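Take a look at this one chain, the form predicted on its own, written out in structure tokens.
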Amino acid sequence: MAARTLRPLILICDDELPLRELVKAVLGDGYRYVEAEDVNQAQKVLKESKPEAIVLDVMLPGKSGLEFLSELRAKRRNKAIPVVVVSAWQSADDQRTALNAGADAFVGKPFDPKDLASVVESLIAA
């Protein structure tokens, strides 16, 4: 088996630039990043590359992150990509809804940087 030469690619899908920047800062230099402001951009990214994980906001312009997640899970090519849903909606029902839509993990906003980093790391390592 060949050694991995590239750092894992993470797709960050959030409509707010400061939050995308925060996620990159929290996760650090051990990853490469591609960003999307909405579902349309995220879909374009997935046609061009296959990220090792997706950090996905729920509240996006146009389609919601959960609608995107359901579509993602319906496609064989993207079915196995780990997805961390990040949302200001943090009730148990919101978390359950995200997990039922196909999320591998849920992190509430505002998030503890260590929590997000450990969740992403564990999903990529799995």
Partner chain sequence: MIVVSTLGAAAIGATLALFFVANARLKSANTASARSATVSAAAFDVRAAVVAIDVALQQVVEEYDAKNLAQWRRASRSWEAPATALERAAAASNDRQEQRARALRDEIRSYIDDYGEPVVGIAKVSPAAVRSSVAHTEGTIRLDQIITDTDAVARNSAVIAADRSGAAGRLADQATIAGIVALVLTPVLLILLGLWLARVVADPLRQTVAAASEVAAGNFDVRLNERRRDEFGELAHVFNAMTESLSVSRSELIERADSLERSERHKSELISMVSHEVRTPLASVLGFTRLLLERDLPEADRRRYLGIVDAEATRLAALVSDFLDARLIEEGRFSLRREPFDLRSLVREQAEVTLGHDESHELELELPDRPLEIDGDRARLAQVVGNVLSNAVKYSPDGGTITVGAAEDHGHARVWIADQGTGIPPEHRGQLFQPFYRGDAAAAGIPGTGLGLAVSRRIVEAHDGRIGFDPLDRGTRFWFDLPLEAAANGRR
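Because the structure is predicted, anything quoted here is derived from the model rather than measured. Positions refer to the first chain, counted from 1.
There is also a form predicted together with its partner chain; it is not shown, and the following applies to it.
When contacts are judged by a 4.5 Å heavy atom cut-off, residue 19 counts as touching its partner chain in the model of the complex. Among residues of the shown chain, residue 26 is one whose heavy atoms approach its partner chain to within 4.5 Å in the model of the complex. Shown alone here, residue 99 lies farther than 4.5 Å from its partner chain in the model of the complex, counting heavy atoms only. At least one heavy atom of residue 90 is located within 4.5 Å of its partner chain in the model of the complex. With contact defined as any non-hydrogen atom lying within 4.5 angstroms of its partner chain in the model of the complex, the contacting residues in 52-86 are 59, 62, given in sequence order.
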